[in-house]
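Taking the form predicted alone, here's one chain by itself in structure tokens.
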Amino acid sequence: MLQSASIPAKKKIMPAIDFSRYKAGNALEFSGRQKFIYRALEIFPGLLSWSTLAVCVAACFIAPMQISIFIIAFDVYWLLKTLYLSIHLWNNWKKMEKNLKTDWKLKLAGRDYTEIWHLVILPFYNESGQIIEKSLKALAEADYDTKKLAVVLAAEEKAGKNAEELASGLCKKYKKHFGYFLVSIHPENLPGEQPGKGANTSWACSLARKKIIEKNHLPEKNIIVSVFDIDTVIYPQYFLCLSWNYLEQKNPELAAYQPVPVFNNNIWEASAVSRLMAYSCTFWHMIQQETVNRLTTFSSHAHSLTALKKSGFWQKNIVSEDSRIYWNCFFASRGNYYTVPMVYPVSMDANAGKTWLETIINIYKQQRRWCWGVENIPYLAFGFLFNKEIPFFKKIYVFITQLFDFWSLATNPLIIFILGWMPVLFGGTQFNTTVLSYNLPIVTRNLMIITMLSLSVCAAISVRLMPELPERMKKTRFFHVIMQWVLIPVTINFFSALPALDAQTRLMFGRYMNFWVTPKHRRKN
């Protein structure tokens, strides 16, 4: 366990905090100077993004020449960055293709993986039996000794009797396939909780420890906990791949394990915008798997039970529980925690509503909830500020890289696709008579065309990731999959930059978000 930082009395500005179990949700949980500091840190990300955009807009009026040069330089930077990321994306795709073809059972030959238990937690709210059963069926058909799987189907009391009856029915149907099967019902309105996946998962894991692990004397050191979104459908050798990655680590309890989320369960039923956002998210996580030092956990992922126990398990008072559990473990391990990129997929649902308008609204809300991960910035900064056990330069690197990702998501697309034209419109007569004024739109357009050409890599990989086309659908759907990428200038602003700016602005003004459950819609079989 980590101990609180030792600070001489004359320099002490706040009571000591046990950083092994440091789990602040927001500034309202503090008082006095602690609250002031945490609140200032909540304001900072939004203030930085809005200040960046405000300075750029003001410069279009005050210094159009200088901002035009900056915009061209920024466009060149964006082009080079896109090419760099495309290379990472292609490399990760080739690795994932190889891993999908690998016989992981053969690769594990001679390794003692039979002692490993996999605890699988499936929290759900009001999703249909069709969605839940597809996930359970994939677990039951896994190319693994499924008697070494302990499955917890975690329902919410708030969802009513129907959810409880559904869970019980599925338990009766599937429990024979696994070593253990447990249904947990997370009570509503527990004190100190933010209703959502984090609180439900924490309750389910606690119940599993009592009713499965302790009751049957399973060794905690041999247990890997996988937490899946309820629509997650594993590929057959997922647990073999996870076991291999676990055994490859020198200290497996100091690592999280992250597969690639591929949103293609219902991809053929989704609209072009939904498909585009689904694959954009998948590609971003594929790129992240190539930059291990920036990789955290997202959605469906795994940890050792040892690490979870040391960190105090999932926070019950936040929205972004999937990334926060990584940072909980990071603090509990004195900054020695890291994420192992499995480069192996799990299949999930694209955001598809019953109507086009519902889909658009749901995509925006889902992206905003994901962007609410910015709540980790004040959490990290506050922890780094007072924790003396993590090396200084590591704290600086981690904080800057995390802050940069949220800042760039909220500002870069707007700078490129909107502010890039403002100097010509508002620069005044003197600027509009210059050669730079004439060439700015041309240069910006040409650089963006070249940047868009790099998206051919995304289009090619998206086709390869597509499941088999259903009989009822026309072959021309593949053409639509290719052509949808021309929408990227619109989607990157409306469904990435704006939700990110929205989330940061809410945090800046203390309008804390609640957990929003993404509706799941699939065509009935």
Partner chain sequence: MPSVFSHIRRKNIIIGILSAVFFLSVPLIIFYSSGYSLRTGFHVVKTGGINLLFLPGGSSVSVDGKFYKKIPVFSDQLFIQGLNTGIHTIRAEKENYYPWIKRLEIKAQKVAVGYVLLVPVNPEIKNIPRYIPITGRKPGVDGQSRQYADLSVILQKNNITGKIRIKKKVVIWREGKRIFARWKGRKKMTPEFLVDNFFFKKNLIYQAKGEILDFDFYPGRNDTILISEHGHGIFTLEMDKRPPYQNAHKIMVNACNFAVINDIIYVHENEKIILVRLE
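Small disclaimer: the values here were computed from a predicted structure and weren't measured. Positions refer to the first chain, counted from 1.
The form predicted together with the partner chain exists for this protein as well; it is not shown, and the discussion that follows is about that form.
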Q) Quick one: which of 222-230, 70-78, 270-278, 302-310 gets within 4.5 Å of the partner chain in the model of the complex, going by heavy atoms? A) 70-78
Q: Decide if the three candidate residues E290, T429 and T433 all line the partner chain in the model of the complex, where lining means a heavy atom within 4.5 Å.
A: yes
Q: Check whether A140 has any heavy atom within 4.5 Å of a heavy atom of the partner chain in the model of the complex, and answer yes or no.
A: no
Q. Would S168 show up as a contact with the partner chain in the model of the complex if we use heavy atoms at 4.5 Å?
A. no
Q) Would Y84 count as touching the partner chain in the model of the complex under a 4.5 Å heavy atom rule? A) yes
Q.
When the contact criterion is heavy atoms within 4.5 Å, does V443 count as touching the partner chain in the model of the complex?
A. yes
Q. So which of Q249, S454, S408, S128 gets a non-hydrogen atom within 4.5 Å of the partner chain in the model of the complex?
A. Q249
**Q.** Contact residue in the model of the complex, chosen from H177, K107, K94, H88 - any heavy atom within 4.5 Å of the partner chain
**A.** H88
